[in-house]
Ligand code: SAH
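Below you'll find only one chain, the form predicted alone, shown as structure tokens.
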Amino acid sequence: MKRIILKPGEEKRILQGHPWVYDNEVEVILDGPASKPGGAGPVKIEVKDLIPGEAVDVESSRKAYLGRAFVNPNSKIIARIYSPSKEGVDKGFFKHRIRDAIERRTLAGGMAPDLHRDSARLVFAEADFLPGLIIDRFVGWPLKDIQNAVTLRPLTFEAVEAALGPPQSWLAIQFLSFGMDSRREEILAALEEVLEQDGFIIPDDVPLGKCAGIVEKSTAKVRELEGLPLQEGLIRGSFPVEEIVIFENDLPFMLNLIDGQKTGHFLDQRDNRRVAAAYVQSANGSPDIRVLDAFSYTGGFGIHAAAANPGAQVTCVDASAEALETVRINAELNGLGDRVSTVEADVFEYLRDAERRIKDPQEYYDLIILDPPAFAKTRSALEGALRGYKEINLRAINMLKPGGVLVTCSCSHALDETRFRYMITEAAADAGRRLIMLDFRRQAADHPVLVGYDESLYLKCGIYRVV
């Protein structure tokens, strides 16, 4: 077994729980058994002699054992630790890790998803000790089947289940590291065995049900940094030619796992959408409530807001025409087609124009949601990203009525909570408005945070009242 020996002092971050070893932290790489009296010792090798995806041991400069890792000599992250012990990797290993991850989802108390009807993330990469592997499970029915069997609007889970029987499930999977990509067949076989036939049995002894199909969504740019090509498409089973419908907080949403962004739906905002909708109220007692959902994608926040109050008129703004077509379908599924409108536009330009156009106080908004894509995917992009975050927050604050609510999010892991909150403070000061923080939230419980690995705490969602 090859061994990576770190430079003095570089082990502290790993001892605190961080699973990555960077190439500039490596002192030497050794191959062969430790030296014995009268025998030959290990041989020093170069980084280029490492085989991408192979398992190696990681040790401190004092030869203290730190863990076993997958290596990639072509990446700045040269090693990703997957175990604190000298653990082998085979199908049984993946079955055990996947089963443990699913069981952890059932132990999240009142925040745990109901895996029989809720879509959820089953594996969250390093935070579930499977570095570079993400698995999302979507529970629902083909849209066409629903359209042919159920006319009730708003659509309900119970009505669909009565018409079509228990929901099906599909998996969206991302192989984001060389270690996982090179073991994809073992991982897929392990998944099938965990979920096969009667399905994985959760604590209440009810099976989850067999997976109908697995869609690969390995399109994140990190694969290119790993020296891997981008890949997506159906790799197991089947997926409906048309879209499927899932239920989130008892509201139906259409999605397409093959053509949608990331793994098809942003499950990490599930709880935040529900909480934000509770603030859909008029700031001045008027029965007309104006809501702006900026960077709306397929309307997750906006649909929740419209469903929460019959007086809410929601405008969803996004640059993607395809996403906005899905917003319109989702609005119809929820019986909200007359109260949810869409605007195809660059959100920065839309906010600038809207801020200039508003003349009448009645045109100000009661609730504005900002849920942009990650502006800062690396720390080097952080300063420019902060300017973008500040601009959209400043304009949103200027467009809110007194008493109105701002829901503002960032999914950039490079932007920590402290700087995100300070950015909002600066935006409010520049707008000459004061804010009261109503809540500050993070990602849903099925996206666990591994202590010591700050990259797993990536989603920030602040909820503020303008006074």
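One rule holds for the numbers: they count along the sequence shown, beginning at 1. In this text the structure is predicted, and so the values were computed from the model without any measurement.
Beyond the structure shown, there is the form predicted together with S-adenosyl-L-homocysteine, which is absent from this document and is the topic of what follows.
Enquirer: With heavy atoms only and a cut-off of 4.5 Å, decide whether Phe301 touches S-adenosyl-L-homocysteine in the model of the complex.
Expert: Result yes; Phe301 sits at the interface with S-adenosyl-L-homocysteine in the model of the complex.
Enquirer: Look up in the model of the complex whether Ala159 has a non-hydrogen atom within 4.5 angstroms of S-adenosyl-L-homocysteine, and give yes or no.
Expert: Flag for Ala159 set to no.
Enquirer: Does any heavy atom of Asp318 come within 4.5 Å of a heavy atom of S-adenosyl-L-homocysteine in the model of the complex?
Expert: Yes - in the model of the complex, heavy atoms of Asp318 and S-adenosyl-L-homocysteine come within 4.5 Å of each other.
Enquirer: Is Phe93 a contact residue for S-adenosyl-L-homocysteine in the model of the complex, using a 4.5 Å heavy atom cut-off?
Expert: Outside the cut-off, so no.
Enquirer: So, Asp31, Ile51 and Asn72: all three within 4.5 Å of S-adenosyl-L-homocysteine in the model of the complex by heavy atoms, or not?
Expert: Answer is no for this spot.
Enquirer: Heavy atoms within 4.5 Å of S-adenosyl-L-homocysteine in the model of the complex: which of the stretches 134-142, 223-231, 150-158, 344-352 has them?
Expert: Of the options given, it is 344-352.
Enquirer: Let me know the one among Phe124, Tyr279, Phe175, Phe295 whose heavy atoms come within 4.5 Å of S-adenosyl-L-homocysteine in the model of the complex, would you?
Expert: Residue within 4.5 Å of the partner: Phe295.
Enquirer: Between the options Gly237, Pro373, Pro240, Pro84, which residue brings a heavy atom to within 4.5 Å of S-adenosyl-L-homocysteine in the model of the complex?
Expert: Filtering the options by heavy-atom distance leaves Pro373.
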